[in-house]
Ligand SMILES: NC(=O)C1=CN([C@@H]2O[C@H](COP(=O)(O)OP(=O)(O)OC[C@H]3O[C@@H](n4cnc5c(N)ncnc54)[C@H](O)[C@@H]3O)[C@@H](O)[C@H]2O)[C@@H](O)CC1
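The chain that follows stands alone, in the form predicted on its own, written as structure tokens.
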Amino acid sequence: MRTAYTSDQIRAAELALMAKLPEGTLMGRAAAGLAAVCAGLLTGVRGRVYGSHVVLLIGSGDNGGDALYAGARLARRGARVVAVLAGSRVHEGGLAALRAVGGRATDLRVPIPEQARELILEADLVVDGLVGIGGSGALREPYATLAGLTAQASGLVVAVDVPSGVDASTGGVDGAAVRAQVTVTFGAYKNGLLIDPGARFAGAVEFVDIGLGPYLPDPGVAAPTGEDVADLLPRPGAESDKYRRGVVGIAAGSDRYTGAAVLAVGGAVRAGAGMVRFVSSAEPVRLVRARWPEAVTTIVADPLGGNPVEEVGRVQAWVLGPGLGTGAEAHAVARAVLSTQVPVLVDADGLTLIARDRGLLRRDAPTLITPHAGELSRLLGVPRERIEARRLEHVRRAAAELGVTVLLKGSTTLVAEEDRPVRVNTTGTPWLATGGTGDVLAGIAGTLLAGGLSCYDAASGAAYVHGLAARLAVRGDLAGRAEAPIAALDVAQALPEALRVL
């Protein structure tokens, strides 16, 4: 499990460790790690460090010092290193170390934007040491201009600890920010490196251990690894039957929205449900029978005439909502499913129904909701744009306010439950942004709920497996380089291979 922390937590750990070490030890460790990563990147691009052109963007904070000392190490290996000094002050020790080995410095406090542009455009490697983990809000000048110029760099851009302009604690980005290909982070992962929009600016994250581990508190954010997820997933034993493996009920689809039903059932079947019981109107049932004959189906002709799910039979968890509709009949189905005493996953149209009638969530059994930002916007009464800009804040708020487990779908999927670390999913691909993939995810998570996992673990495991299956579908295999568009059903079909990989 990769754990992540706020800037305040990191600073407290640094202070505790620095009190036990000679002055400058932590900066020395950070600079050595940064220099090693930069040297590896230059060797990969140019074949050597010697003769390469490195530009350091230096702010007033300690990460500017990290960059200067790392630049000195690169200069000792023959790199041509120029530091652009953009802050109101500079780390004097780092600057002296750079100059002592032939590095140069240009003071941007004297207006020379054109020279800075030329340096950045011509560099083989640009190191962003402008703003560290304490930065928040929009970048001020000249930092904002320099951050914008890095987007024009022809060489690689490496951020020190966190890209300038990214809030290390939340992942928020207000205005200009450095978009790095690689971020070298020290001591611990920062929340903003794992959570969008900040994660999109971080690129590949290289971790440098500087000894903070024993001084860090319990994390507020965690990213499960493949090994973590593999340990979560239920496996059939010699005594297993379909009931021990888990029976998932799916209430989905309508005469207008039939495909969602087929995809949700497909996600459950391919994810390894012991049995899928599907309930809907006649047309979705016909299509599910044709595509997934394994499913046991029930037609509900008149949901308003009684309990629409009492004839379905025994289930251990429900999936409610994909393509269900939002009229009175759909509301009756939702009320019946949410009145049961088993875990329920609510998705898609089911979320619209509970946004209108919060009373549906008053239940004793566990509930998992799986909104995207627009659906969470309706549930919380918050503009979608604000949710997308502050995903961590709003997924936590939703879990606390609604009293449920929340899987917030999007470019980074987050899973929140009150008083637990928010889990971040690290699999997936932008190709998942296509209709129906959320229905497949609902089927996967429902299967894991029926298999006995908690809402928290089922959501985390389903997101990981779903993303891994999408990668396999896009590339053909995980080692493949070429990518191709996929449809939602491709994700469902790739689930067995994704589970084999895990």
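Each residue number is its position in the shown sequence, starting from 1. Being a predicted model, the structure only gives us computed values, none of them experimental.
The same protein has a further form, the form predicted in complex with this ligand, not shown here; the description that follows concerns it.
Q: So which of 177, 251, 131, 268 gets a non-hydrogen atom within 4.5 Å of this ligand in the model of the complex?
A: It is 131.
Q: Heavy atom within 4.5 Å of this ligand in the model of the complex: which of 219, 197, 135, 272 fits that? Just give me the one.
A: Answer to the contact question: 135.
Q: Does the 4.5 Å heavy atom contact test between residue 256 and this ligand in the model of the complex come out positive?
A: Heavy-atom contact with this ligand at 4.5 Å: absent for residue 256.
Q: May I ask you to check whether residue 161 falls inside a 4.5 Å heavy atom distance of this ligand in the model of the complex?
A: Residue 161: yes, in contact with this ligand in the model of the complex.
Q: If we define contact as a non-hydrogen atom of the residue within 4.5 angstroms of the partner, is residue 143 a contact of this ligand in the model of the complex?
A: Result yes; residue 143 sits at the interface with this ligand in the model of the complex.
Q: So, in the model of the complex, is residue 41 in contact with this ligand at a 4.5 angstroms heavy atom limit?
A: Answer no; every heavy atom of residue 41 is more than 4.5 Å from this ligand in the model of the complex.
Q: At 4.5 Å between heavy atoms, only one of the stretches 94-102, 135-143, 309-317, 392-400 reaches this ligand in the model of the complex; which one is it?
A: It is the stretch 135-143.
Q: Counting only non-hydrogen atoms and a 4.5 Å cut-off, give the residues of 11-25 close to this ligand in the model of the complex.
A: The stretch touches the partner through 11, 14, 18.
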